[in-house]
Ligand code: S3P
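Only one chain is given next, in structure tokens, and it is the form predicted alone.
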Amino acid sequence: MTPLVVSPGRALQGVLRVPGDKSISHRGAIIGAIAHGTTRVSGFLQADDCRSTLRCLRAAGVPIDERVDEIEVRGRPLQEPEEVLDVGNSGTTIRLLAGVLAGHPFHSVLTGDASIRRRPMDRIADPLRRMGARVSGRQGGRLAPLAIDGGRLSGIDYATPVASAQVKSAVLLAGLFAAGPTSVREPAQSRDHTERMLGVFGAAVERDGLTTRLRGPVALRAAQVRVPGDFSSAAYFIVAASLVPGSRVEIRDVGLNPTRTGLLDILTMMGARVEVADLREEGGEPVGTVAVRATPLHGAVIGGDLVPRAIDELPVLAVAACLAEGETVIRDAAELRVKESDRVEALARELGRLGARVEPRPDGMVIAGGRPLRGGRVTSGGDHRIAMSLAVAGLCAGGSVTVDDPGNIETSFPGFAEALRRATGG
């Protein structure tokens, strides 16, 4: 794969749009597959992760028609797959599909790439077993591949030990097929895309603080889903425009779900000039425009309930912290260590190659700000969010930054390099 080379010095300018939201695209396809009728998902993200979801659904007998940025899903009862379902690099696919497959009376096997096979799956396997499914895997069901024999589920009241939208979604999706009420209690608020979308498809979902409930079995009705721009993709341009002198951008039609926008709160704490305009609701999701101007930043303490609202954006926030005045502490973020890579160690190692001082901690990191970054050669380690964060660092360094192994960016943001080139006029 050709390395991604990013040179500094050009301000970001103009009006930008980013590809469709990955989380919502996954859910539109999966929930549409189990709803009665034909669901149209417009703005669908044609990235590797979302294509993995479509491939797995087709293998389970779901007819799906694709256009450039739209899919039509003809919902029907899933069929026993004749093959192992390969989710590629997509944690969302394996965890959400596990919940759906647990509700079906047949045998299925889910696996993925080396990264997926390292990620913890007991966090979904345990509650699905409690509901009545048989779930086995490596190391006692802790790791994929996962073998699932589903059907005849009963609802449960489950307190998840981590604030994870994927865990919550897996249990709620299984609850659609279960007899009786299913509830999930979280220690902090995670993304609520599944709850919002289930309501659009006709499910009666109750939310009380950090508890989400539904009563199964539930017959869903097909719906029209409009996917907004992905806030996590917009984050790289929001941070870059905050850092590169002279930058001023507007990112339009981007999803602004409050369970996802912790980045904006954190940047505001750090002194950024960030504004939200044209806020509206489309298909149950808040959508609007984010306007950003460059300004000097200062360090901050990032932890608590902010972390699950910004977990995917913490890598690029680490880049901002390197260039902010003073120290930044990121804590309560042990989840960073079990993503596509150990993002704590990856950031410490790769940003360190550019002259940053990042001290890893078990649940986060401490970053000494105000140290100029230098050019150099870094690697993504197979992690798309590390790759894009390092590209943002390249815009702010003293020389060009070469990012090796950038192909993984295609899992979430196809066309990222071209979008960055257009935004900087380079």
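Please read all numbers here as calculations on a predicted model, not as lab measurements. The numbering used is simple: start at 1 and walk along the sequence shown.
Although not depicted, the form predicted together with the ligand is the subject of the following passage.
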Practice task
Please name which of the stretches 203 to 211, 326 to 334, 177 to 185, 161 to 169 has residues with heavy atoms lying within 4.5 Å of the ligand in the predicted bound form.
Solution key: 161 to 169
Practice task
Name the residue from Ile311, Leu297, Ala300, Val287 that puts a heavy atom within 4.5 Å of the ligand in the predicted bound form.
Solution key: Ile311
Problem - Residue among Arg196, Lys339, Arg215, Arg252 with a heavy atom within 4.5 Å of the ligand in the predicted bound form - result: Lys339
Practice task
Consider Ser23 of the chain shown here, and say whether it contacts the ligand in the predicted bound form, taking contact as heavy atoms within 4.5 Å.
Solution key: yes
Exercise for the section: Mark Arg123 yes when one of its heavy atoms lies within 4.5 Å of a heavy atom of the ligand in the predicted bound form, and no otherwise. Expected result: yes
Practice task
Please run the contact check for Asn89 against the ligand in the predicted bound form: heavy atoms, 4.5 angstroms, yes or no?
Solution key: no
